[in-house]
Every structure is written in structure tokens, then in C-alpha cells.
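Take a look at this single chain, the form predicted alone, given in C-alpha cells.
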């Protein structure tokens, strides 16, 4: 076991006497998502009153020097170079998985069997079979008191959390349409190298799994109803890209989609439409959500993430229209712990809220949301989208 201790960053404030009991967190992976999750663990106890105090015990990565540097930068106390060592540590009670999808199932199942709680990044797995294995392992672990959650962080955006509350309160009436688009442009340039996200064996799928998983989860979560079936098209516009670290100009095949468009019907009867792309020029992280019901409509734009736009269709026509709701009040979701009204939050705060909700679930023994079962449902929709696109099918039923 390589239990290398690294200098911890100076704490913002000392822990008060009699503080909440510690919960050791071990994280696997330290790149983009690892940094985002670290921000959540590092910050949550300094903002919210918690029943458990997360201890950033160890971070794991295969490159000893790189993971040591990451630990010092991100705030982890020690390092491991093999996740198998991480999950057997007595000072780690929660394993946070921030690796490519190809390793999610193996790490999550082993961690649950080792008696650990698990947080796993989305999408849950690279296939329905792997997701089913993970959901079954989580169900068995639940009997022993271990909890498992999948990291769909956009649920923790205060505006989208408030949107869910408005839907639950009946402010939109009966939902008829759900529209979600999630567009990025980082693959427009054909010279962008063949990164792991462009290889099916590592990523499972392309824009569909990367962005579509978020879109599907948000649609089902806000509507309170799963998708029953879909009709889809996918496309890979750049089929070959330069091999990383190869100066010869050699190209390798892109084995995932660049973009996907699909329609669906929710079990509730509402219609849903989705568009996801990583080749939409000018779109950096453009997640847009629209809900239309018999009594009103809601709109959300991640690039204006502290706002909702709401139309109350019960207003008199001469006064009706969309109005902006600035979601920064103390009685909006999560905002009781942050800044005065009008002082907006950002992307990184969703990971703080994610950590908060999971810690409360563990402390109370409450099933966390989204669960591995929720992640499996999203995986089944992703599989149905691919099947529909491959068969050029008018409609493909979601399995399960």
C-alpha cells in the first residue's frame, strides 16, 4: 500500500470543539471531475451545518508524482496509486469515483462489497449490463447500511431544485412538453486529439453519454416521470482524429457520437425532445430546459444559472407573459447558507450541495437521490437511443 502523506493546505478555520464526527472520504481520479468533487468536499463543512464532517483522507491515481501534486493542490491528506488499496483503508468510509466510465462498475461494486458508501460520477456505467450489476450491488449493500449515489450535479442547481418544487406544487398543472438541449463546441476543431472521451471502450458513448445523461436525468427528475420510449438519430462528423502524443500525424478512429437528437414520451404521457452536441460552435456549456404545462411554463439556462423564467397561464391575458425569478433568496433551495439575495452562485456550488445531501443521507440512513437505480434508468434510456439510431427506428421502448 502506498499511503503517501502530502502536506495539507492550511485550514480556513479550525474545527470547533464537539464538531460532527468525521467521515473519511477517498477519491479515485483527480482530473476535471476530481477537482470539482474536491471543491465540494473542501467547502461543504465551512458553509453548511453537517451531521458528519468529511475528512479528505486520500486521493488515488496511477501516476505517483501526478497524484501527489494533485493531492497538495486539491486538499487531500494522502495518496494511493491503486484503488484496491484505497477501498480497504480503515480511515475511508466513502469512496468517490471520478474516473472514466470503463472503470465505474469494477470500483463501485468492490467498494460496496468492502463496506463503503459510494458516490459515482455520471453516467453510471458504459453499458446497461454494468449499470445493472452496480444497481444490484447497491441494493445488497443497502441491507448492510451502505448507501450509493450517482453524481448528477445539475439537480443541485438552486434554480432547478426550485423548478422541481414548483412542478410538485402544481404550478405548471399537467405537464405536456419537456425540452432539453445541451450543447458544447470543444470538438469543432478536427485537430483536437483522440482523447479518452472519443473512444467507446473508455467512454461508452460520446455526446450522448457525456451530455445526454444529464439531459435525460434532468427531464425525468423535473417531470417526475421516466421516459417510456425514444426515437433517435446520432452522428459522428469527425471520424478520425490525431493520436495523443504522436507527432507523426497518425490518426485514430473516433468510435463515439459527436451529436444526438431524440424525441420521446414520458410514462406520464408528456412529450420530450432532446438535442446534445459537442460540435455546436460558440456553445461552451449551454444546457437549456423548458417545461410546458396546462397552467404555466418554466425555462432555465445554465449560462444564467441563478434565474428561472416562469409564465403563469392563469394570469389575465393582458398581463400575462414570462417573468424572471432570481433564485437567490434565503428560502430558495440551498441558499440559506450562502450570500445575501442577489449574490449569485456558480457551477462549483452544485458539488458542495451534492456533498451536503449525501452526508445528510448517510447520517440519517435515508436513501440518497439520485440512486444507482436512477442511474440505471438513465443508462437504459441511453441504450434505447443508440438502438433507435442504429436501427433507424421510429420508436424504441426503454427496457425495464
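Source: prediction; values computed, not measured. Residue numbers count along the first chain shown, from 1.
Unshown form predicted together with a small molecule; subsequent notes refer to it.
Only one of 268, 133, 236, 285 comes within 4.5 Å of the small molecule in the model of the complex through a heavy atom, and that residue is 285. Contact with the small molecule in the model of the complex, defined as a heavy atom within 4.5 Å, holds for exactly one of 373, 33, 56, 362, namely 33. Exactly one of the stretches 180-188, 102-110, 236-244, 125-133 approaches the small molecule in the model of the complex with heavy atoms within 4.5 Å, and it is 180-188. Annotation: in the model of the complex, residues 274, 299 and 311 none come within 4.5 Å of the small molecule through any heavy atom.
Of the heavy atoms in residue 163, none are within 4.5 Å of the small molecule in the model of the complex.
Residue contact with the small molecule in the model of the complex: residue 211 places a heavy atom within 4.5 Å of it. Mapping the unseen interface onto this chain, residue 221 falls outside it, with no heavy atom inside 4.5 Å of the small molecule in the model of the complex. Although the partner is absent here, residue 83 sits far enough away that none of its heavy atoms falls within 4.5 Å of the small molecule in the model of the complex.
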